[in-house]
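Listed next as structure tokens is one chain, alone, in the form predicted on its own.
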Amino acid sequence: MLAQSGFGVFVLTFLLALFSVGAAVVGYFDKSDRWVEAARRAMQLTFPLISLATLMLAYLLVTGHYELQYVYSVTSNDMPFYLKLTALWGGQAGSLVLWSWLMSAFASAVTLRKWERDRELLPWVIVVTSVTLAFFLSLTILYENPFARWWQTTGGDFVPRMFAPAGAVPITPADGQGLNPLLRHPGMIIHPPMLYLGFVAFVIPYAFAIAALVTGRSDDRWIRLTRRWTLVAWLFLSLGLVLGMRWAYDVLGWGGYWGWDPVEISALMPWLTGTAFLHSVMIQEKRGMFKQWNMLLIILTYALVIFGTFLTRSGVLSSVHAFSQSAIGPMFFAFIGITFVTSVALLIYRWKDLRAEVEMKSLFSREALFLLNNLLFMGVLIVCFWGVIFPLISELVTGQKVTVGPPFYLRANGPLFGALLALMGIAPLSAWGRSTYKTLGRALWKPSIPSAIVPVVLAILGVHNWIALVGFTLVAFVIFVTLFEFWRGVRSQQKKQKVNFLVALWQLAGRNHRRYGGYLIHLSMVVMAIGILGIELYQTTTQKTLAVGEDIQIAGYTLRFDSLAQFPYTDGRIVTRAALSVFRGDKFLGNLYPRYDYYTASGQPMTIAGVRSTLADDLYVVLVNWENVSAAQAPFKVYHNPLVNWLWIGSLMFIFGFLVAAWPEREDEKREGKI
């Protein structure tokens, strides 16, 4: 009964979303506030309804209703309570439910604001968000119903109800298959919600942009209204990417954090356009430029959000992150095509109205460098997009799916990322409007001097890889420029206010959160770049089968194999765990315990590496070929990953920088009428 009720709630919510679309359109063209208000109320009602259906599904997951196909496929009796809850997004149907629930939450929240100044935008914001919500609900209703029951044929096979032949009967298995072991890592528990929050939040600025195009608003009001939505979307998408990297590093057992997997790239692409959008909207606000470009960027971001979801959900690409083959692919493809073509047609229609208010006067001005920054982001996007779709094109043309590997992405994107690093240092020193190479050069020479010393010091220390020398020099350049900007601002503040350094720094950041929060985000990015350069350029690996008492050496470390044990866990796992002692020279550093967890219910193993972490490096040990291990000997693969932990330190710095940048300023509150 609960399952039927949950499905009925989804159908009712879908109808409400369609009603809100129709009512909003009628209200706009008839200039009827009553119809627009009806559309708004209908939109707000979708959130409690989907929340109710989601709670029903969560209850069925936790209580083990294995008669439901989805519950059977992602839970089991031996799973703890928290994993049964997170199984909500552990499969295809549940992930679409989460997407719809978040979409209804964001759409309902945005309609709660005061709309007196922007009443003409409201109907079209409702239309865009409701159409998006209705699309995802239609996928749940027509193709991926999480409340569908299992039926058993006379031959004993389980089949979904829609495929049940005559004579099949409903069945309730005693236990489920359980969640995929790879998804039981803490990073994977919060990685999908973070990613979905980023995806869904980007729908809001897109909805405002389309509303501005339809109503002919060519000012930057829609950007100001959605500034924090965009920042929140970018934060969550960034966190989702970082958490995904950490999950891959901890669970997949290959010693890396990013494999240029198609589904990884599908999440990166909207981040690229979203980052470019965040940079260029500042130019529109300050200079009245890039209006057409900003519209195109947010349209691309929305299309890539849906495209990324399509790649993960349709099963058209092979990936460790992707779900299985599904019939929802054609619907996704049609929706992406219709929304993208409609959006671009609107943009072309309003193209002349979105002309810049001022012309770019110098190639060395800050706005020109911001434009170059955006073009570099688009270059990375083109490389990534081509790499993702090339296997599909090759299969369509030749009948064979030709995959694109990491070397392609690294060679094509490496110079682009290097140029982006350089611009992080150059752009803050350029001036708005008129700027020349002489004025820019005068601003650059001070931070350039200590930056030029870095490659000399590195060469003396034995670093001779030219990519490393260039990369670490650019990192140092951005750090010195950023510190120089802070120092210059603080000194000016000290002279004006006659206060000490720390008070001046606090006052400086308080006066311009966005600028100095942005600088902190830049610092976090270059700190992450230190970790990336370290592991990408200097990772070493070795593999050896060891008998008890034997050792293996790598990068100055010695690892001695001490013992191996195998034992069952109460949750159904069989754990095979090795113990190794780690030495540097004669100094004992500690023990590592790489292991394999084998889940008997699903017949799937999960690799858990033994990792020793310092600021200098990670020693990463994997127990391989676990089927052939014994108490006497076992095969190990060892990775030495220099500087990799700076990648995770940078991600924590990024969160702090974001909080500073997103903190509301009194000028913003006055403009919004809050104070």
Partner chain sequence: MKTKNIFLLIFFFQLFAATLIPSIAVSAQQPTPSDDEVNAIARQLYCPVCENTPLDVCPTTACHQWRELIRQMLAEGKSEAEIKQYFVDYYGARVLSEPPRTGINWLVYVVPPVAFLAGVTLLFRAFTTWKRLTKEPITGADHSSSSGSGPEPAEGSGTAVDDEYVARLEEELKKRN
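Being a predicted model, the structure only gives us computed values, none of them experimental. Numbering follows the first chain given and starts at 1.
Same protein, other form: the form predicted in complex with the partner chain, not shown, and the subject of what follows.
- Task: Identify which of 189, 141, 422, 372 has a heavy atom within 4.5 Å of the partner chain in the predicted bound form; exactly one of them does.
- Result: In short, 372.
- Query: Using a 4.5 Å cut on heavy atoms, which of 342, 600, 543, 500 is close to the partner chain in the predicted bound form?
  - Reply: Contact with the partner chain in the predicted bound form is made by 543 alone.
- Item | Partner contact for residue 239 in the predicted bound form: the partner chain, 4.5 angstroms, heavy atom | Close contact is absent here: in the predicted bound form, residue 239 is far from the partner chain, nothing within 4.5 Å, heavy atoms only.
- Task: Answer with yes or no whether residue 639 is in contact with the partner chain in the predicted bound form, where contact means some heavy atom within 4.5 Å.
- Result: Yes, residue 639 sits close enough to the partner chain in the predicted bound form that at least one of its heavy atoms falls within 4.5 Å.
- Close approach of residue 534 to the partner chain in the predicted bound form, 4.5 Å, heavy atom: No - in the predicted bound form, heavy atoms of residue 534 and the partner chain never come within 4.5 Å of each other.
- Using a 4.5 Å heavy atom cut-off, state whether residue 459 contacts the partner chain in the predicted bound form. It does not: once the partner chain is placed as it appears in the predicted bound form, residue 459 has no heavy atom within 4.5 Å of it.
- Just one of 395 to 403, 171 to 179, 67 to 75, 558 to 566 has heavy atoms within 4.5 Å of the partner chain in the predicted bound form; which? Within 4.5 Å of the partner lies stretch 395 to 403.
- Query: Within 4.5 Å of the partner chain in the predicted bound form, do 221, 267 and 355 each have at least one heavy atom?
  - Reply: Verified in the predicted bound form; spot residues all out of contact, no.
- Which residues within 264 to 287 place at least one heavy atom within 4.5 Å of the partner chain in the predicted bound form? If the 4.5 Å heavy-atom criterion is applied to the partner chain in the predicted bound form, 264 to 287 yields 282, 284, 285, 286, 287.
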